[in-house]
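Just the one chain here, the form predicted on its own, laid out as structure tokens.
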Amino acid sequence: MVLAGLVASVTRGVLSRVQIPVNLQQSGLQAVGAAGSLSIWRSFAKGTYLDKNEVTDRVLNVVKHFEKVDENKVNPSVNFQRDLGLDSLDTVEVVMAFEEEFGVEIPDAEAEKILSTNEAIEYIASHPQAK
């Protein structure tokens, strides 16, 4: 858990400083101004990750609306099996619902590690393609 947070922090720090030059001719963009006076860069910044509060709200909403869950038991640290009584197949279905909600594909090896809302929140908040 701590390692995932550390990796996410390092990734955000690196991506906020990456700049890639854009070739105007290949991109189809047109420069305005004197020739050679315009420089365009594609920057990757912190904004490419979803806000953790938004992720938390959406993860909790997905879990609350899972048919076998008592929504009154759902909180940011609830364990799917121990606290909500879901079996392993139910947990797989919940993870699939997260994939659909956030538009990401979670590899099986990572999905097996998502056993609580907190683990889902950490994984999705550190995923750059989550929408």
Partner chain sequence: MPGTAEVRSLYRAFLRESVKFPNYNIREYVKRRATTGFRQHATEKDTAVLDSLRQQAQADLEVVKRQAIVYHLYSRKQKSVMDIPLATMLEEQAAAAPYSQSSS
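Numbering follows the first chain given and starts at 1. Keep in mind that this is a model prediction, so the values were computed, not measured.
Keep in mind that the form predicted together with its partner chain is missing from the display, and what follows is about it.
Checklist entry - Quick one: of L84, I106, V63, V55, which gets a non-hydrogen atom within 4.5 angstroms of its partner chain in the predicted bound form? => result The residue in contact is I106.
Checklist entry - Looking at the partner-bound form in the predicted bound form, is K73 within 4.5 Å of its partner chain by any heavy atom? => result Flag for K73 set to no.
Next on the checklist: Using a 4.5 angstroms cut-off on non-hydrogen atoms, would E93 count as touching its partner chain in the predicted bound form?
Outcome noted: Answer yes; at least one heavy atom of E93 falls within 4.5 Å of its partner chain in the predicted bound form.
Item to check | Contact label in the predicted bound form: E99 to its partner chain, heavy atom within 4.5 Å | outcome: Answer yes; at least one heavy atom of E99 falls within 4.5 Å of its partner chain in the predicted bound form.
Item to check | Close approach of A111 to its partner chain in the predicted bound form, 4.5 Å, heavy atom | outcome: Close contact exists here: in the predicted bound form, A111 approaches its partner chain to within 4.5 Å, heavy atoms only.
Item to check | Sequence-ordered list of residues in 50 to 79 near its partner chain in the predicted bound form, where near means a heavy atom within 4.5 Å | outcome: Sequence-ordered list has one entry, K68.
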